[in-house]
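Quick heads-up: it's one chain on its own, the form predicted on its own, in structure tokens.
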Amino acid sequence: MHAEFLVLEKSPALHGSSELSGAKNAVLVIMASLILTSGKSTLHNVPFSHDVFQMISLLESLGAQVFIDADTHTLIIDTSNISSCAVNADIMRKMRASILVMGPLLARFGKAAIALPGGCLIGDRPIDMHLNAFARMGAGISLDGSYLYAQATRLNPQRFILSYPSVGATENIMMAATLTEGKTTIVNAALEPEVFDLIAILQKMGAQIEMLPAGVIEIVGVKELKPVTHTIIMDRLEAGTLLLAAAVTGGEINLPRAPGSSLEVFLEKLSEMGHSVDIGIDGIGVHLKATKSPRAVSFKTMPYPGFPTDLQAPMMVAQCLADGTSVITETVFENRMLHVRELQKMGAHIELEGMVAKIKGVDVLYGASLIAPDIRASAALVIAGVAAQGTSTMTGIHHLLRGYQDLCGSLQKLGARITVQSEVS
């Protein structure tokens, strides 16, 4: 058996222009939403990451036909012949986003059988909010071993007041409500750009969805939804990762199609560090020129439009090499500091107490043997590896491949010294 790993070498300052992929956090739920329709839908700007292929397998296991055009980043998904409402346990355990098929299956077929979802080791991420919502809508929920069963003769509209603006719960409730007669209201809904992309495609299908002030979404159910053609939004998190790679190596990068208006808090923190950051007209496109003397900044992760939790780990690398002391507080996921011990191997000065990290910047990081624990930590360790003196190796690259179509390829084009090697185990 061959196990792949990355070899990361001290790289020159990264320079150049880079294109982005479609948003991983948008495409997975959008693919799930097509279960609500019967017929052929076309998705453009699809990032072909491993998680996308897992979702393709999931849809095919239900009876959908999926046609892939990798050259044009297009998927054609025919949901006409979906006949199963039971999701393969192996697929569910590999990808947490698989829970997002539950709402569409209940709405269209009145039943769903799914295994408990898996994915990254970044916390429990309980699905209680999803299950409690479906139960309130009239679904019977039961657990048999590791399988969840949900069934409803009919779903009923409800007014939901979320205790936390959960992206997954907002999306699942909204999809279920599109085919539920009456008006469903979600108060304190998630406002991430990826949620708005889901709203956009649901409205194209014929769903009646209205955004109201203060994070309220109203959905009036319709009898049926139609297949559509839709282009996935650009990945703001990939953009942030590339910007940080240029920043920590002292480089300069242009991302002509980056959604700068969706990254304002993050970009403001880069500016506070001393980096030159320019956002293009209408918030599209970001140009960064790194400062030679970055200053440490503190931040706390928050739901959108706050600092994104998915950029916490890569931003921590930048603080490790900045002048001064910073404090990073993680409030979204309770176990999202596993990258700290890996950065400490490289010489980073980090004190960790719970989900609060205090970082004293150092002049240099040093190459080490690294293990990636999750998707965003893997990106952070790649950035650290190309900025560090010497050579690093990183295992666990399956996490990187789950979340990014070709992050290493994009970094290589900018000058990063990254190679993929394999060893026989």
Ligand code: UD1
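Since the structure is predicted, the reported quantities are computational estimates derived from the model, not experimental observations. Residue positions are given as counts along the sequence shown, with the first one as 1.
One more form of this protein should be noted, the form predicted together with the ligand, which is absent from this view; the next part is about it.
Residue heavy atoms within 4.5 Å of the ligand in the predicted bound form occur in exactly one stretch of 151-159, 303-311, 281-289, 264-272, and that stretch is 303-311. Taking non-hydrogen atoms only, H339 never approaches the ligand to within 4.5 angstroms in the predicted bound form. Among heavy atoms of N25, some come within 4.5 Å of the ligand in the predicted bound form. Although the partner is absent from this view, D144 stays clear of the ligand in the predicted bound form, with no non-hydrogen atom inside 4.5 angstroms. Residue contact check for H230: none of its heavy atoms lie within 4.5 Å of the ligand in the predicted bound form.
This chain is displayed alone, yet in the predicted bound form one of E181, D323, E351, E334 has a heavy atom within 4.5 Å of the ligand; that residue is E334. For the candidate set A97, A296, M355, I217, a heavy atom within 4.5 Å of the ligand in the predicted bound form is found for exactly one residue, namely A97. Along 184-198, a single residue, E192, places a heavy atom within 4.5 Å of the ligand in the predicted bound form.
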